[in-house]
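Quick heads-up: it's one chain on its own, the form predicted alone, in structure tokens.
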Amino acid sequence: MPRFFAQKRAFTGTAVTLEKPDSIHIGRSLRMRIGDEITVCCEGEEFICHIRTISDESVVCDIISSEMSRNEPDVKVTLFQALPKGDKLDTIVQKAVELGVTNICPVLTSRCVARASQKDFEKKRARLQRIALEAAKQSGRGIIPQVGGLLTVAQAAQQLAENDFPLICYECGGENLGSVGLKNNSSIGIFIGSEGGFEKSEVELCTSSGAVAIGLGPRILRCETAPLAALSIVMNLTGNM
């Protein structure tokens, strides 16, 4: 069933209104008609709807039933990802959303090959958010994970520490993820390095704020592989895979 996302302001009584570009996609690309069924998601709640009216400007739907999304994990995972070169971040965002991440925070670390200013990154952020939206639709998510603005290491360390389980994946080794004691209904932050990994001082900054250095096995994983491996392990350990 086609899946769309809407904000609370789109709901009035027992109806929800979808506007451009969703309205054009529904009418022109999907060629849907009055009476067809779609799913509309809002903040983790899924609404089964029947289309009442269709135009290029808007699609009005009657709400038939609703329930909280069964596809959302019961842990909130924030991925702090050091900025990789090329289009690797596109892939990381897409796959992380499929695996159940809640937020993605790009970080500019000392060893990042790719360098970007906050202003330059904002131009890319809109594209990354669109990738997150499409991945959320494809994978049946109940929310659209958010891609944040570019952080410094100090900002990332501070935000990482705000999680119940702040973790930094260190290529020089650390605790096994299985021994960290992850719990359901908790917040988990995972900090992943770029192609060159982390400076020791960056790891120490995070651990001094309460983060736990973890390892992902004896092999060195690429910066686009490590976040997906870590997320998969976390989701499996918490029963969300």
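Because the structure is predicted, anything quoted here is derived from the model rather than measured. Note that residue numbering begins at 1 and tracks the sequence as displayed.
The form predicted in complex with a further copy of the same chain is left out here; the points below concern that form.
>> Residues 111, 123 and 211 are flagged as a possible site; in the predicted complex, is every one of them within 4.5 Å of a further copy of the same chain by some non-hydrogen atom?
In response: No.
> Within 4.5 Å of a further copy of the same chain in the predicted complex, heavy atoms considered, which of 152, 139, 118, 158?
Replying inline: It is 139.
> Quick one: which of 52 to 60, 174 to 182, 196 to 204, 29 to 37 gets within 4.5 Å of a further copy of the same chain in the predicted complex, going by heavy atoms?
Replying inline: One stretch meets the cut-off, namely 174 to 182.
> residue 76 near a further copy of the same chain in the predicted complex, any heavy atom under 4.5 Å?
Replying inline: Contact with a further copy of the same chain, no.
> Is there a heavy atom of residue 146 no more than 4.5 Å from a heavy atom of a further copy of the same chain in the predicted complex?
Replying inline: No, residue 146 sits far enough from a further copy of the same chain in the predicted complex that none of its heavy atoms falls within 4.5 Å.
> Heavy atoms within 4.5 Å of a further copy of the same chain in the predicted complex: does residue 21 have any?
Replying inline: Contact with a further copy of the same chain, no.
> Is residue 106 close to a further copy of the same chain in the predicted complex, meaning a heavy atom pair under 4.5 Å apart or at it?
Replying inline: Outside the cut-off, so no.
> Which residues from 58 to 92 come close to a further copy of the same chain in the predicted complex, meaning a heavy atom within 4.5 Å?
Replying inline: Residues within 4.5 Å: 70, 71, 72, 73.
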